[in-house]
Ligand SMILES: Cc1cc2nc3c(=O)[nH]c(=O)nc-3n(C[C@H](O)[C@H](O)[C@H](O)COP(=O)(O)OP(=O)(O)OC[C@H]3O[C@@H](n4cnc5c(N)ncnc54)[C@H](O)[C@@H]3O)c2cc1C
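Before any questions on binding or motion, here is one chain by itself as structure tokens, the form predicted on its own.
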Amino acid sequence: MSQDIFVVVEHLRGQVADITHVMLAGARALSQTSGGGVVAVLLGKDAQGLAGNLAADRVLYVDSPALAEFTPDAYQLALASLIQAQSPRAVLFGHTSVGMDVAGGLSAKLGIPVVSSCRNFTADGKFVCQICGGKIMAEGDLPAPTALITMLAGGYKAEAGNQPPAVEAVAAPVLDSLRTSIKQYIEPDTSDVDISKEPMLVAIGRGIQNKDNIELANELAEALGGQVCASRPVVDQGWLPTTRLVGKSGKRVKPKVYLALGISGAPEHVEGMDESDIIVAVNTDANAPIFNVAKYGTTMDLLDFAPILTERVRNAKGG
């Protein structure tokens, strides 16, 4: 058994996902107590070029036509072979649709426990998990000898490597008789505004209460020169299109100002907006997790707050 911390690189169509860099930072922190190194595990086909910007001590690269596109079957088989051969202390996955799919299957296949929704690690190597929609933090010792961990965004600042790590090619196991394959990518609607490029966003959540109240957010966004976006409950109701969704299953945004109205701050939402320059939270629940990431906040009812702020912004602009 080694004390290395493996990080499974999440990438899509030639781009490394931000969560990968967050995991590498977390792995670096965990390696200080494990005594091992940070090892990025890159699976793909002709994808070794993605290793150049990873903040890892070394990269294990598995190349196979079956890994050209992500499928849980192929990833699980490739990773199972690596884990059995090298027995790392921990294997980090993104707490994403990709990471959770692979980690769950590997846990069942190898009989290795999963630590889910991990936000960060303590100085003595314990995990800290954010559960119950982010309202409870659970701490504990990592299972031994190997633990699978799904990492949330927000616990560490994503950092790229200063110099290319050494890349070690690893032979792929037999990857045939796979149950799933990628047929095509369905591109998102591009006719609406691209919220990922907006410098000012007014985000609305369950606290908006009903569709008619969205007009309050629209008026505020117009006054501020921004756009309206939303958390999952608003989109699920059909009040706003999926192009306005922020979070794990929506878009990742990095505006200069992110004004969160009536949003609780579940990890799935925070993952999509935690790198905003300034986060302002408006929520009547003083214990809402959104206040953990906000720079400014108030427990005022958003239905009272939005019209007041709109009026003051308009007055300040002379209109």
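Residue numbers run from 1 along the displayed sequence. Just so we're clear, the structure is a prediction, and the values are computed from it rather than from any experiment.
FYI, the form predicted in complex with this ligand isn't displayed, but the following is about it.
Contact annotation for residue 109: none of its heavy atoms lies within 4.5 Å of this ligand in the predicted complex.
Contact between residue 87 and this ligand in the predicted complex is not found at the 4.5 Å heavy atom cutoff. Contact annotation for residue 246: at least one heavy atom lies within 4.5 Å of this ligand in the predicted complex. Mapping the unseen interface onto this chain, residue 288 counts among the residues with a heavy atom inside 4.5 Å of this ligand in the predicted complex. Contact with this ligand in the predicted complex, defined as any heavy atom within 4.5 Å, is confined among 262 to 270, 62 to 70, 28 to 36, 43 to 51 to 262 to 270. Distance criterion of 4.5 Å from any heavy atom to this ligand in the predicted complex singles out 207 from the list 226, 161, 154, 207. At a distance of at most 4.5 angstroms from this ligand in the predicted complex, none of the three residues 216, 237 and 307 contributes a non-hydrogen atom. Residues 282, 283, 284, 285, 288 of 277 to 293 are found to place at least one heavy atom within 4.5 Å of this ligand in the predicted complex.
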